[in-house]
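Okay, so here's just one chain, in structure tokens, the form predicted alone.
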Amino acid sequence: MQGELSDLQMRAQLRTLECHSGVNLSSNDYLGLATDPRLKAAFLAALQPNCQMGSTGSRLLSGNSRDWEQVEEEFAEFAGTSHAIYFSSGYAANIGLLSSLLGPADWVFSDSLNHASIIDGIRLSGARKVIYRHRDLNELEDALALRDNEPGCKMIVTESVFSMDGDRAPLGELLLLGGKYGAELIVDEAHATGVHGPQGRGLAAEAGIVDNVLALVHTCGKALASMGAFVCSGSTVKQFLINRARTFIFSTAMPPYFAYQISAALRIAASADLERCSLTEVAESLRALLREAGFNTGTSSSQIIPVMLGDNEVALYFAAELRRNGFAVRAIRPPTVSPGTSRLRLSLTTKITREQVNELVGVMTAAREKLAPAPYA
């Protein structure tokens, strides 16, 4: 173990835990609900004298409650599906969903930049997998056509907003390709939930394709400032997950009072159109300023803005300079991203002001001037 840790240190890839201070640009609290007094009030209201502090077991044993059934109904209505089922994390949701629905006789087509939870869910399923280049519809269609007559079910899996590049999946086109070649579509809305689409319902709702998607995964630990995730689907998929998803069956249920926090967060997020609009405007402004200053922000089109720097040490340098000037930023390096694509991941929230955006670009520009020659793209 020590040898591997030393090797990571030598390659500037060793991770450490830190407590952030300053302007937080690493947070997924996109709507700023983590400190919202309305969310705190809902949580405290749930802690009545007769509240049950522990669930006492899995949902299939003693841990089910009307509180969780109620919030599942609320979330299904929000997502635009007939049913939803709660998992203790987004990771558990993707693992449970993919390892349940897919088997060794099936085919899965996965975007190359999909999240680790999707990758691990596919691995655990044993399904035959095809990893297509990021958002490359031509490569995906070729792969689907090549296996058009193969037995087994076929599924396309994608994030809607990609967590490291901040760009968007072409969901409408993916659905059309799936229909053409008999493949179902699964969409992970983790970084779109609460932020994009009508009432923050995600990019599938924005594209008007919810009714045609096999399953949507909406997480609660980002814009909803809570915990866990919902797989939103039809009744058959939900019943199948109750009976087959090991991350659901063998996990102790969350305590009933926590359902009230999620319910309140959902109501607040659904009515946060002004906040969503403001966040979009600030993100567009920062992206434009960084590009004008000569920084590469990739294909970002969301509240997640990467600054592509390439080299691990350079990414660490810029992150350190930003932290020294009051901005909490972490360098993103392999294996989280591909070798040679180390970056800063600027994750914007409604707490970020335009003045702070301008200051950030100034700090980045000054930091670059200290490097000669600038060793990044």
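Bear in mind that the values here come from a model prediction, so they are computed numbers and not experimental data. Start at 1 and count along the sequence shown; that's the residue number.
There is another form of this protein, the form predicted in complex with a small molecule, and it is not shown here; the text below is about that form.
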item	value
All of N94, H191 and K222 with a heavy atom within 4.5 Å of the small molecule in the predicted complex	yes
Partner-facing stretch of 147-155, 273-281, 111-119, 196-204, counted where any non-hydrogen atom is within 4.5 angstroms of the small molecule in the predicted complex	111-119
Proximity to the small molecule in the predicted complex, single hit among S263, S99, S163, S251 (heavy atom within 4.5 Å)	S163
In the predicted complex, the one of S125, S301, S89, T297 near the small molecule [non-hydrogen atom within 4.5 angstroms]	S89
Any non-hydrogen atom of G80 within 4.5 angstroms of the small molecule in the predicted complex	no
4.5 Å heavy atom contact, G228 to the small molecule in the predicted complex	yes
